[in-house]
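Given as structure tokens, the chain that follows is alone and in the form predicted alone.
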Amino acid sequence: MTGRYVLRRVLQIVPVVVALVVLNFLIITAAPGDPARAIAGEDAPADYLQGVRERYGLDRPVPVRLAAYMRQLARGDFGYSFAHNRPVLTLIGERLPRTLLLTLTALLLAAVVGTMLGAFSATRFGTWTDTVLSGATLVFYTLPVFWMALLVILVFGLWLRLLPTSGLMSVGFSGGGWALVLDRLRHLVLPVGTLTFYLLPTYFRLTRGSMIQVLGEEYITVARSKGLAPRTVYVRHALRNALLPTLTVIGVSVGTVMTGSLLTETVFSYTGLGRLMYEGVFKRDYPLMMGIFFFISVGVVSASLLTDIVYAWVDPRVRYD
């Protein structure tokens, strides 16, 4: 792997992002609903609706609007939100750190815990431990994330009353320092836990299957015949090679994480990027939706690039022409 390869992969991202921007614009524009009516109200008179369309450029043909939007993006201008009447970039900048905190924490926990449990289950293949872990993760895998969120709210919020079920912090909280940090962490537990258990089964099942396959390879048999300790065989020889598919999934699962974040933030009233996107969809806020989709698209493509680089660094057998 060389710097030239990395540069080539970065340059390949540019046309992909442009294509995604165009596709997002066309899909959002073709979606049912009239944004002018959403802005003006259902009972607005026809002349007022026409004025709203002219003000926001909604009366122009789609190709003209697309060309104008691409010119805006080239200048770093994401436009103004119809519903909030504020710059889209400002709104995204306020919400993005909250979503990154939620999604990256859940992704890290799901990848680490899922990988460890998957590797442990593979070493107990065929035993009751393997059966219980596989069955439990299968249940979590089949549960929709919004249903899981409602379930944890019911159990931990309403029945046990252990944790808050909505918002970023307690209503009326005026403390600072560590008290503020602890209060916000308490509000993060349920949404992070929900998103973690939504992602965890994928890493568990992938690592378990890969580990079982690796443990059947000849070099593992040779390592055992040399008298190496089981821990050394499992960790140094088997797990390292079994992790390669998991690394790939971590990179390409960013889109899944954002989908889960949208539903999780909505259920828990967590004011992040997912909640903002939910509001934008229902209010037909075209500039806001396109701005959010742009950042998500860039994030997914960048994660894919980073995965390729890490994969080539971890596995020396990979060669790029």
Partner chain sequence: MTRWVLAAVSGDPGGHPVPPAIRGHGLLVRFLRQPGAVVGTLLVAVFAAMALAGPRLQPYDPLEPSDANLLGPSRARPMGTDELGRDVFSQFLSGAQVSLLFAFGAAGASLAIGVLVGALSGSHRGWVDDLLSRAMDIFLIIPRLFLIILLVAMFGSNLWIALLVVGGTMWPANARLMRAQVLAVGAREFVAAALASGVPGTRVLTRHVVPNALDPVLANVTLQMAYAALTEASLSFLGLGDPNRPSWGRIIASGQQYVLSAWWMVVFPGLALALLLLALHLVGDGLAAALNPRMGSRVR
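Numbering follows the first chain given and starts at 1. As the structure is a prediction and not an experimental result, all values here were calculated from the model. Note that the rigid core is defined as the largest set of C-alphas that superpose within 1.5 Å between two forms.
Same protein, other form: the form predicted together with its partner chain, not shown, and the subject of what follows.
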Residue 157: heavy atom within 4.5 Å of its partner chain in the predicted bound form?
-> yes
Any non-hydrogen atom of residue 278 within 4.5 angstroms of its partner chain in the predicted bound form = yes
Are any of the heavy atoms in residue 53 no more than 4.5 Å from a heavy atom of its partner chain in the predicted bound form?
-> no
Is residue 253 close enough to its partner chain in the predicted bound form to count, meaning some heavy atom within 4.5 Å?
-> yes
Is every one of 125, 266 and 292 within 4.5 Å of its partner chain in the predicted bound form, counting heavy atoms?
-> yes
Just one stretch in 100-108, 231-239, 138-146, 184-192 has heavy atoms within 4.5 Å of its partner chain in the predicted bound form, so which one is it?
-> 138-146
Out of 153, 133, 92, 243, which one falls within 4.5 Å of its partner chain in the predicted bound form, going by heavy atoms?
-> 153
Its partner chain in the predicted bound form has a heavy atom of only one listed residue within 4.5 Å, and of 16, 310, 10, 22 that residue is 16
Using a 4.5 Å cut-off on heavy atoms, what residues in 283-305 are near its partner chain in the predicted bound form?
-> 284, 286, 289, 290, 292, 293, 296, 297, 300, 301, 304
Against the rigid core, is the Cα displacement of residue 33 between this form and the one not shown at least 2 Å?
-> yes
Please check if residue 304 moves between this form and the one not shown, taking a CA shift of 2 Å or more relative to the superposed core as movement.
-> no
Comparison of CA distance in the predicted bound form with shown form for residue 42, residue 276, at least 3 Å = closer
Please say whether the CA atoms of residue 42 and residue 262 come closer or move farther apart in the predicted bound form, knowing the change relative to this form is 3 Å or more.
-> closer
